[in-house]
Every structure is written in structure tokens, then in C-alpha cells.
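To begin, one chain is listed below as C-alpha cells, in the form predicted on its own.
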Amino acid sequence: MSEIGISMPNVTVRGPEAPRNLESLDPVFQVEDLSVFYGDYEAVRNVDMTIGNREITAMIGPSGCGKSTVLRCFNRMNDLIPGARAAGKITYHGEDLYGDHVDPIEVRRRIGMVFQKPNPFPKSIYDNIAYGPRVNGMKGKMDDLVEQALTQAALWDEVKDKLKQNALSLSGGQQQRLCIARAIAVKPEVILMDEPCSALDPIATTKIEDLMQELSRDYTIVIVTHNMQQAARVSDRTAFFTAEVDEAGVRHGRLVEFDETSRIFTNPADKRTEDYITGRFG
């Protein structure tokens, strides 16, 4: 594909100028020929990608292209859906994530998840954060652990004087940061985020985006987003998915292109990526 210049008004594309080394990729996940089925239906087919350590990877694409389905494979959340199964291979630090010896509960402790809609427990702010460490039998002073998680989630200063209040009294943006703090509290390595800002206003969205970039110093982050500008602003690498219709008229999600975000948004290798980014379809 010849070089193109794609205009993305009012968007700053995060790229190699950021203080990161994108030349060498330290793999956390390696995905090889991944297909995901719900019963007999193949929702996603033949995905290959690598998720780098302490990078933010964004997955973009139109609705129904399999982004969230692939995301849930990284912590085996799809196991909880009757009839769901994954074919192909996903390794986590070289270990088969779906091997017979692997405990999916331990997988979900190491690989935390933040959902589209904030979902705090109907408990106090303190108990929301302390719940996971207590269940996992983590040692140490709980007060210190709660403060550390809330501080990392940029929420401590806003809630330190009301830790006994019900978490549902917080604003939507605060609830989402609380959910991020709750995920951090069990000390995962990876944080998965499924459209974490879709229910938030622009100010709360900016806080979450700033938080993601700060957290990526210590955590590997994979985010699904419909917001291309958000992917351009926060991610190091971007995967573009689309939905294809086969000869039988059945839709399947496919990974079209995976590259550094700066290339995806300025010089994509596939015409379908260019068409989506410029608004010609999707």
C-alpha cells in the first residue's frame, strides 16, 4: 500500500516519540491462530498478535467484530459462558494459558479486568478495595494496601475522608477509578479494560486516560474501545478488527492489522484499516 496521510483532527497520536522503547517487544501474551466459538458459531477466527510488557494495547473496530471476545480470552472470562471455547493458542509468559494444569481463578487474579459500566460492590469504599485481598488471603496491613490501591488509581485524595461511605455514592468516573483500584489491589500484572470510558463524561474520560498512561509504567494494559481518538491518544500498539461475512452469510470477527499506533493511524498497511479510520465504513 502506498504511503498515505490520514487526517485525524484534534487528535494527538501516541507514537515512538513517547518515552518507550517500541523497537523490542517483551511479550506477555502471544496469540497464535486463535478462534473463539459459542457452540457451533465461530465468533472470531484466526487471530495472531503479541501483547508487550508494560505497554497499552488498544483493540478497535466496528461492533460485532470480536474485540471484547478476544479480550475475555486473556483472563479466561469466556470460560464462564456456556458453550464458549477457544481454539488455537494463547501463551502467558510462554505458558499455555489454557493448559490442563492452569487454574483459571489464579489467571483472573494475575490478569484483572475493568468492565464497560462501573460495577462497585454495594459496600463501603474501603471494603470494595479490601474484598479481593481478603479472599486471596493476602498478608500485610489492609489499611496500607487500600491506601496504596486508591493512590495508584488517583482516587485517594478524593475519598480518604469517606472510606466508610457506600461506594455507590461516588460519581460515575469515581466509581470506575474505584473499580480500577479494586483490580489493582490484588496486585495483578495485567489490566484488561472493556470500553472503560463509554459511560463517562469527557472530564471523567480524561482522568481515566491519564490514569491508564500512569499505570502503564507498572502494568500491561489491554483496552477495547470504540473511540479511535482514545486509542490514538493512549495506546502504544493498536489492533484493528473487522467483521467479515462468509459464503454462507455468517459474520465472523477477524484481525485485519496490528502495529504501532502511530503507523496504524498515519500509514496503515491495509486499505480496510484506512477506510475505517477515515470514516468510510464502520
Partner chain sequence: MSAQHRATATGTGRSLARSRPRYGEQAIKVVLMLAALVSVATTVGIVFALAEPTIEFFSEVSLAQFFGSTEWGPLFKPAHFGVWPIIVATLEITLIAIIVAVPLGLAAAIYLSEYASRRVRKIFKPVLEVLAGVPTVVFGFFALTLVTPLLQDVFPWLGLEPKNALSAGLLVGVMIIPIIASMSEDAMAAVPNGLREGSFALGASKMLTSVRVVVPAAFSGIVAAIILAISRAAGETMIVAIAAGFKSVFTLDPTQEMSTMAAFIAQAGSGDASTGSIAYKTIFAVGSLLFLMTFAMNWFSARMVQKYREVYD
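What you see is a predicted model, and the numbers here were worked out from it, not measured in a lab. Residue numbers count along the first chain shown, from 1.
If you look for the form predicted together with the partner chain, you will not find it shown, but the lines that follow are about it.
Of the candidate stretches 207-215, 150-158, 183-191, 90-98, only 183-191 has residues whose heavy atoms lie within 4.5 Å of the partner chain in the predicted complex. For the options 163, 84, 199, 113, the residue carrying a heavy atom within 4.5 angstroms of the partner chain in the predicted complex is 113. At a distance of at most 4.5 angstroms from the partner chain in the predicted complex, none of the three residues 177, 219 and 226 contributes a non-hydrogen atom. For residue 102, no non-hydrogen atom is located within 4.5 Å of the partner chain in the predicted complex, even though that partner is not displayed. The partner chain in the predicted complex is approached by residue 122, whose closest heavy atom lies within 4.5 angstroms of it. The closest non-hydrogen atom of residue 71 lies beyond 4.5 Å of the partner chain in the predicted complex. Within this chain, residue 77 lines the site of the partner chain in the predicted complex, having a heavy atom no more than 4.5 Å away.
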